[in-house]
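Next comes just one chain, in structure tokens: the form predicted alone.
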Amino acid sequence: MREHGTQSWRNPWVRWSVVSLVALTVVSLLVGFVWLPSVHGDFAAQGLWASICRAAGVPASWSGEAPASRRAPQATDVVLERSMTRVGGSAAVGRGATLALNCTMCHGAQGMSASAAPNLAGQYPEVVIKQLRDYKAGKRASPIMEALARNLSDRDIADLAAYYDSLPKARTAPTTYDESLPALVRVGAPLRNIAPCISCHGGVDQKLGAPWIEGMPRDYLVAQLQAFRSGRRGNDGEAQMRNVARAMTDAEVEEVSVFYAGKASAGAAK
């Protein structure tokens, strides 16, 4: 038996077959556990065991949560309801105005930011409610906003939403279909699975929970699109914005952001 095995190993075809099989196995492991995971924006090398578990779709640790530095952005657990759009009343607005005194440094005395913070004047109530709940639960990352939202009650959040909804609208006339609009705003990019911006953010339709973005600071829009694209922000329902932003180029991020930011000057001129 040993002599037969030795003779077989001396056969060059047998040796090359074994060597080729080993080499193919090694290359497959490198591709499956190293190269393919590394092309994802949210990939972080965590050792061979973590890579094997990631490829197999099972947790690398069963004993608790991963360290905060390794934890991926968490999806929102806020369920949007039509009732969120009907906040209001003089008492709610007055109380919300008092609470909003903590927000004026970044978002402006009347909800219009002079920095890269988002404008909140006239923002849809359900948008304010959802984002504050996400900050409070740690689903959206911001040291300042998480600290401010942590101690807000559900009533506080609803009253803040009512107050900002009551302010003079920062919203200009909605963007409607026009050939002069940027392509992504007007028709999207169907071959890359990018829906037109106006299908969710006003113009053709306004999806529940989608913010009004016309007139927003350009730097804020760029930062949020980049965060969605890289996976640093993950509180969008069903990963809708992440899927859109991931397919956008830097030039398209800039073009869309400049377009929507420019709507502010058009509205102020009227």
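Heads up: residue numbers just count along the shown sequence, starting at 1. Everything quoted here is computed from the prediction, not taken from an experiment.
Beyond what is shown, the protein has a form predicted in complex with a small molecule; the following relates to that form.
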M248: touches the small molecule in the predicted complex, heavy atom cutoff 4.5 angstroms: yes
Is there a heavy atom of N102 lying 4.5 Å or less from a heavy atom of the small molecule in the predicted complex? yes
Contact of Q131 with the small molecule in the predicted complex (heavy atom, 4.5 Å): yes
Would you classify G111 as touching the small molecule in the predicted complex, given a 4.5 Å non-hydrogen atom cut-off? no
Exactly one residue in V187, A141, A75, A97 has a non-hydrogen atom within 4.5 Å of the small molecule in the predicted complex; which is it? A141
Just one of L181, A137, V93, C200 has a heavy atom within 4.5 angstroms of the small molecule in the predicted complex, so which one? C200
